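For reference, the chain that follows is the form predicted on its own, supplied as structure tokens.
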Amino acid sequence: MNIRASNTPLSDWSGDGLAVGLFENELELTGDLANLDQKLAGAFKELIDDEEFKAKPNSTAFTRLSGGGSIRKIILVGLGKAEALNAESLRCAAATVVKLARKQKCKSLAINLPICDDDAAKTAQAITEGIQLALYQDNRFKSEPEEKETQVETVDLLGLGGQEAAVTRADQIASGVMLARQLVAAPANEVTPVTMAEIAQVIASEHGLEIEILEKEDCEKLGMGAFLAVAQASDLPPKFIHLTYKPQGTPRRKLAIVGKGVTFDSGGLNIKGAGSGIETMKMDMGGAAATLGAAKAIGQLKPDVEVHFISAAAENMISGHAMHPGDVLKASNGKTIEVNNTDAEGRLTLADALVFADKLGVEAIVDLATLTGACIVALGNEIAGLFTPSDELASELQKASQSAGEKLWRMPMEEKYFEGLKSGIADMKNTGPRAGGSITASLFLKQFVKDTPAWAHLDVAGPVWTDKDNGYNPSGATGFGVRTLVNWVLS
């Protein structure tokens, strides 16, 4: 699909479908739209009246035009109230339009939406992201697609001529989101620790990143006892992935992103029982998927920031080699952990990954993990939990997520709750009481960051997957986190 920034006037464009955005209570046709309506014998005015179109957010109306003119179909999309227009509403409107255009078999489409915040580049990027992400389809594991729909081939963004760079930027970011979606959606027999390492190598090769893959023996030398304990029951080898993007010249900042990479989580000897959702545990590497997706995007965007992308990839399986409940592990910073639940494995892999990142001399670390069901109970399926002792980093991430349209909510890090992790025989247990489970999980992770000035943990257990088509997120894997991370790095 080719998305083009264009200054072609509405009245001069020709093709299969023309989509126009309108605000609530502002349905009078003016300017170029009024001229086009006159040229089309009042088709827009008639559509508004016949459909009683009120321009509620993401509402639509469309009609076919007779007479063999230069436009076959016109589409109206509601934008809600003018004062509420932002990048996210533009993404959603563009997604709504392009899905309707595909359904109506429009190969060529033009979209005319208002400029947000007097920022044409921001507008072009948001619209392009909405289009690309809404049209994403994953038919990799079907012998034939369920529906052979006509695909939208070209989209002209009218009124946004000169914003080619913003369109390209959106395409690059969307490519990272789509990689994350593919990784999360793929079954565990397709995406393994080995696969994750291979994909990281492709990203490094194609986009000029440095790569280091630590094998089991390398991890043993570094004392990664927590990570390796999770991996030891699997027949597949663990892979510790470290990608590095370095800009030309002196970097403005040095950052690290760490993603939980458990490609399948059986629960270990504390096996997940009936009704536990074990069949969905291919998603337990959603943090690593976002990390690799961000690496792919950053490798194309090439900002003036050095970024390290890290994931300790492993399976949590069951065998005669599995770690036992009650085992005491030693992480690579020397801290000891009593395992009171083998199904709290993600934090064990992250412990050694955070220690590794902490030694890189970066200014800030952000980790992402599908870590706790407790966070879903607290915030639902659409909001990720943000845990950090740093107000400055919290503010950066909240701004980045707001711009991305990915919801975060800052949660408390109540230090007193760490008492629930105390162990009689080790420095700490890997789980605490049921109450406040996402908080004690973040307090556990905090023990493995010592020298880095700022650290944040994002619990993304809810929003990495959706069971319904949600605007520009078709049902399934969402790629959550990629756009927030990219925005944070670019900020």
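The numbering used is simple: start at 1 and walk along the sequence shown. These numbers were taken from a predicted model, which means no experiment stands behind them.
The following text describes the form predicted together with a small molecule, which does not appear among the structures shown.
Undergrad: For the chain shown here without its partner, which stretch in 364-372, 198-206, 224-232, 179-187 has non-hydrogen atoms within 4.5 angstroms of the small molecule in the model of the complex?
TA: Looking at the partner contacts, the answer comes out as 364-372.
Undergrad: Can you tell me whether Glu345 touches the small molecule? I mean in the model of the complex, with a 4.5 angstroms heavy atom cut-off.
TA: Yes, contact at 4.5 Å.
Undergrad: How about Leu79: is it within 4.5 Å of the small molecule in the model of the complex, going by heavy atoms?
TA: Residue-level check for Leu79: no, no contact with the small molecule.
Undergrad: Is it the case that Asn341, even though its partner is missing from this view, gets within 4.5 Å of the small molecule in the model of the complex, heavy atoms only?
TA: The answer is yes: Asn341 has a heavy atom within 4.5 Å of the small molecule.
Undergrad: So in the model of the complex, is the small molecule close enough to Ala461 to count as touching (4.5 Å, heavy atoms)?
TA: Yes, Ala461 lies within 4.5 Å of the small molecule in the model of the complex.
Undergrad: Which one of Met323, Leu85, Met283, Cys219 is close to the small molecule in the model of the complex, taking close to mean a heavy atom within 4.5 Å?
TA: If I apply the 4.5 Å criterion carefully, the residue I get is Met283.
Undergrad: So the small molecule isn't shown here. In the model of the complex, which residue out of Arg72, Lys399, Lys272, Lys359 has a non-hydrogen atom within 4.5 Å of it?
TA: Only one listed residue qualifies here, and that residue is Lys272.
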